[in-house]
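One chain is shown next in structure tokens, namely the form predicted on its own.
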Amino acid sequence: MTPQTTKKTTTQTKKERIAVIGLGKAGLPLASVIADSGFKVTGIDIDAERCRRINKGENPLGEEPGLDELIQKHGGKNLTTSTNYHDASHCTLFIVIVPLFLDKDNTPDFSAISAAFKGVAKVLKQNDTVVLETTVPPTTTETLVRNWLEEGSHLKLGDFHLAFSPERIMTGFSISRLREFPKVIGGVDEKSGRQAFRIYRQFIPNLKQVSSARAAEFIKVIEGCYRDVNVALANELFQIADSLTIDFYEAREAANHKYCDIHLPSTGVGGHCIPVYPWFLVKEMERREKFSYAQLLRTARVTNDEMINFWAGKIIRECLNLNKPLSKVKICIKGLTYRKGVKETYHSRNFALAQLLAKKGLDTYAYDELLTPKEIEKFGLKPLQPSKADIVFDSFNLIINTQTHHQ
């Protein structure tokens, strides 16, 4: 099929009725932007209280700039929400954007996605279009999703259209990303790709059609792999520089130029995206018994996750330099959320570092400007203002509090 590109919103009549399945940090901004583009949108979510608030014009995701105004404008009007899939039975486009997590073995857990598509299948009609936006392993849309829809609706691909268009937003910038950032879409077959592109380009200004759903899935996954591998390289070089007593930041600044972009080191990689996506390809290559194909991806995951051991060692060495028994040194990990300005701790490596130090028997505390002391206690950690600690770990810097040290 011939890929297409558009950078302008069309003026076609917005006759489609659109359902967005999943009204979380990705789904609700998308539903709101679609409603603001002139479509009637039905949002489906398992959280009844969230649905109630949206229908009253209240935004349940307060940290997303621009979303308050859109919910106030369209909640209960162009955007109505429900927990019942049958309330979306009149819709002709179904967009599914629900979470995909990893289990303890780093294998994708499709339970939420499966439930969503089985719900869609109950109301799917002839000529309807279904698009998955959750980032998934390549081939998911053409295999699992297709099977769930065909088995539940008793229709066949061709009776309905099926495509994949990965979300490319970032919490805190979701509205602007949807309106400005490049987005791709690909169909399971040629007709599905054309149909999904035709509808999507009416509310996504910067949209490119790619050859297939499988290609679109792969595009999103390899973006995360690129970031993970490059962060792992920075972390490895940082450890080498530390061992050689070289100022890594000085070296990085001089080394970076047009052809070299060494990333900043960290305690690892957190969030719902970058630590997750490489495992999609690693596990698929393992399933195909092509273990050598994903060695770099696996190594990067291990390198990034094990950075907390490196930092724990540095913190303990600093503790030993103080004139206090090791068990009496107060250590504060400053910043538990996985990204500044985002109140989430999923796969937070600072959080993991705090847990590791506490497990070693050290007097460990935590502080985050987005979290209350009670919220920190719910995570099983002890809250403390950094000024009251002997050692503060803050953005990869170890700060010795000389005031508490001499008390």
Ligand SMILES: NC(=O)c1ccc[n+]([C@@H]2O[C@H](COP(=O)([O-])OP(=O)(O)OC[C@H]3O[C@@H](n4cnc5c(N)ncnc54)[C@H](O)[C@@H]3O)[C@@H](O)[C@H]2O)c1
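What you see is a predicted model; the values in this text were computed from it and never measured. Numbering starts at 1 and runs along the sequence shown.
What comes next is about the form predicted in complex with the ligand, which is not displayed.
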Report yes if any heavy atom of D36 sits within 4.5 Å of a heavy atom of the ligand in the model of the complex; otherwise report no.
-> no
Flag T135 as yes or no: does it have a non-hydrogen atom within 4.5 angstroms of any non-hydrogen atom of the ligand in the model of the complex?
-> yes
Would you check, heavy atoms only and a 4.5 Å threshold, whether Y85 touches the ligand in the model of the complex?
-> yes
Using the partner position in the model of the complex, report whether W311 sits within 4.5 Å of the ligand, counting heavy atoms only.
-> no
State the residue from E142, D228, E167, D128 whose non-hydrogen atoms include one within 4.5 Å of the ligand in the model of the complex.
-> E167
Check each of H74, K220, K334, R146 and return the one that places a heavy atom within 4.5 angstroms of the ligand in the model of the complex.
-> K220
Would the ligand be touched by all three of I21, D45 and A112 in the model of the complex, meaning a heavy atom each within 4.5 Å?
-> yes
The stretch from 298-306, 169-177, 232-240, 249-257 that lies within 4.5 Å of the ligand in the model of the complex, judged by heavy atoms, is 169-177
Could you run down 261-284 and flag each residue that has a heavy atom within 4.5 Å of the ligand in the model of the complex?
-> C273, Y277
